[in-house]
Every structure is written in structure tokens, then in C-alpha cells.
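Form predicted on its own, single chain, as C-alpha cells, below.
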Amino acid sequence: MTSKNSIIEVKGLAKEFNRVPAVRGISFDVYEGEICGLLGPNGAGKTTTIQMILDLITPTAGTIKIFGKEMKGNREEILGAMNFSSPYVALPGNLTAWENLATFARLYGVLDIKGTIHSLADFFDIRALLPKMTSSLSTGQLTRLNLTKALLNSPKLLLLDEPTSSLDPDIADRTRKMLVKIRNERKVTMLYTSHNMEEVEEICDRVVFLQKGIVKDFGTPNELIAKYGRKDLNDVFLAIAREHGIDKED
């Protein structure tokens, strides 16, 4: 299902804030066509890492290559082929869903704005929501609207920050199935953060565990479950977060 063509290459990546390390020399790859989980407890460095990949903050050390290129000198090309979705990033509530999508479509340089929005709205089953004010939408509807926004530029790489957070089980299940469908049909590579380990087990091909700003372990969910002798990925998460059965690193 996945190739070994690296879409994201992180090497020796570090970030300090006022001399306090948030990320400490991490390295990992995300391969073309896979859904890779970036996991860890609060404060592990996940958000900082994603912000560096998005070029929102500058690394203290290390390199990031996306599509085989460094951001410096290739920023417009790289960012034009990727996108980001998070339930914690609010769309303007005083615009309709259509107005929000059309605004982002223009920013992304989408040629067929109407056709693209309608096609994605049908995919995410939000066509009826387009004329509604964004402030009136439910959490699940906003999640689907955010995912629609994130696919307007037909990205090759999608960064997803807890995309099913606060969703009810039915909508969360539909969202996971949509993401797998997007990966399968559109060949979109995804870097995926979540605290729901059952969800991660279901859709992630591989996972990278961060703890205290370092990579503690990585592999497929089944590989890690077997390695730690646990019944599921949630127990692996607890073992890593609590440093049971692994060497402690300062």
C-alpha cells in the first residue's frame, strides 16, 4: 500500500523556547501514501513539531525536507501542495460555510472554485450546510467543513491535528472512514495526531511516539503491541508515557 518514497524527512530536529527544549533532536520519515501517527502525551513535542513542519516556527537545529526539498527557497511550492486541519483552528463564524470555502479556495489559487467546493461538499456530505452561517454549525459539521477546506488545493500531504476530537462516536467513525477513503482514492499522505489509540490502531500504517521531545519508539501498531507485550496500542501508550519497560532518558 505504501512506497518508501519519503514525503516528510525530519533529521535532528530541535526547538528551544527561552533555552527550554521542547523538541530534542528527533528524526523520522513519513512515506508516500501512508497515514502516520505522531503520538505522545501532552508536552511531548507534537504540536511544536507540526508547527515546524508547517514553517510556522523556525527550528533551533536540524532539517525538514518535504517532497525531497527544504522549505527555504521552495516555500510556496511546498505549502501549495500540503494542507492542515485541526478542530482547534476556528473558521470565521460570521461567514457562511460557502463563503469560508470560497475565500480559502481563492487564497489557494483554485481554478474551478464552484466545481471544487461542490465536489468536496458532496464527498463530505455537507452540501446542505453551504448556505448556513459557520457559527451555527455543530462540532461534527465544523470538522467536516475543516476537512473540506483542507482538501481544496488537492494536497499531496495533509497534517491532521486530532481531527475527531469532541466528535460523537458515529461522526468520528464516519470521519475515519472518510480519511482512509481520501488516502486510498486521492493518494494523500497524512501525518496524524490523536490521543485515541483505538482510532490510531484502526487507520494508521505506522506510528512515531514522542516523549519529552525525543522519539521514544516507532513502528506499525502491531509491531509495537508485540514488542511491548501489551494487548493494544493504548497499553503501549501508557507504557511509553510512564516509562515502564524502557530506559529512562533525561
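When you see a residue number, it is the position in the sequence shown, counting from 1. Since we're looking at a predicted model, the values are computed, not measured.
Just so it is clear, the following notes concern the form predicted together with a small molecule, a form of the same protein that is not shown.
- Judged against the small molecule in the predicted complex with a 4.5 angstroms heavy atom cut-off, the residues 42, 45 and 48 are in contact without exception.
- Note that among 59-67, 34-42, 200-208, 181-189, the stretch whose heavy atoms approach the small molecule to within 4.5 Å in the predicted complex is 34-42.
- Although the partner is absent here, residue 22 lies within 4.5 Å of the small molecule in the predicted complex, judged by heavy atoms.
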